[in-house]
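Shown below, as structure tokens, is a lone chain in the form predicted alone; questions about how it binds or moves come after it.
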């Protein structure tokens, strides 16, 4: 099989690439039976005014004018809860979306032939080796351009010698969660989510996405992601009240890239979204950046096929619009790594150094000056706080 462009993986980045490729000969490959399902993220997309603060260098924010048909809830606040129960509640307006519905709808706006239940098994320059998961038949698909949007464990990226630093996550869709449906809650601490954070993201009508990220190297001996999730739901005084009547509807595991992006253009391949580690790492937010990068990859691939524009323009474009924000986010994540191994010290640092005004800026990817300076003296602070 041949096409001008191959889109490998149809989730957020892949669907927005397909929409931008309308009018181009495209084959899309997706291992799932249903596009976008199961949902492997919290489904939060900030309002346009928040995106302007998070990603201030974007040329357009039109992508983030989310149609009401995708939104199940809208929230006005994010609340961070530290291990002693103290909270920092800051204004932050977000859509909580049906991500699978959005992926399906956006992908349908392109003209691609979409092969579902097809697994990418290998990559050769300009070709993909694919296996049909239903018939077990093997086939090879060739293209002038390949958009690799096949996730953090990108098969194509691996064959190109590229690796992402990944954090395992687990998420349950739950009903009857007793939480304020106007507030996204984030919890930190070694018992809650070693090296990461846990979340309650209300979808409306008692439904919520509940999950956590877990990094084994930050955990206590013997802890696992499943033990941590069970503890978060049933055993911690600061969390168990949310789940006394809750029921689990669905469980899913995934990985989130937490490193800085590397190469995203190699030969005729463009990496977009999680496969390119294009993510706001300090909060693990990948939907907005995947929307932007998928859209850019689709536009540049189409221009390459039609006009001969260099594929390298993709990397130039997304870095111009996103890289400063991703670097700031990574700096916050790196500082968090330095303080997250000791809950008692973390609590003291938050109580002595961090205010709700500081959290307002941190959530949006800006490290307050006092904390940026404090990072230089962290070894000393660890001795005295």
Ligand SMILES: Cc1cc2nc3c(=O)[nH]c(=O)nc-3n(C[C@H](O)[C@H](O)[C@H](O)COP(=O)(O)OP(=O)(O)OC[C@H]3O[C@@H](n4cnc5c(N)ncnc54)[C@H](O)[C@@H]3O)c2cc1C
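Numbering follows the first chain given and starts at 1. Keep in mind that what you see is a predicted model, and the values were worked out from it rather than measured.
The same protein also has a form predicted in complex with the named molecule, omitted here; what follows describes it.
- In short, of 316-324, 356-364, 38-46, 63-71 it is 38-46 that has heavy atoms within 4.5 Å of the named molecule in the predicted complex.
- Within 4.5 Å of the named molecule in the predicted complex, a heavy atom is found for every one of 12, 199 and 284.
- This chain is displayed alone, yet in the predicted complex one of 143, 110, 157, 288 has a heavy atom within 4.5 Å of the named molecule; that residue is 288.
- Though the named molecule is absent from this view, in the predicted complex it lies within 4.5 Å of a heavy atom of just one residue from 225, 173, 236, 255, which is 255.
- Interface membership of residue 272, defined by any non-hydrogen atom within 4.5 Å of the named molecule in the predicted complex, is confirmed.
- Of the heavy atoms in residue 139, none are within 4.5 Å of the named molecule in the predicted complex.
- By the criterion of a heavy atom within 4.5 Å, residue 32 is counted among the residues contacting the named molecule in the predicted complex.
- Although the partner is absent here, residue 261 sits far enough away that none of its heavy atoms falls within 4.5 Å of the named molecule in the predicted complex.
- Taking a 4.5 Å heavy atom cutoff to the named molecule in the predicted complex, the one contacting residue in 120-135 is 120.
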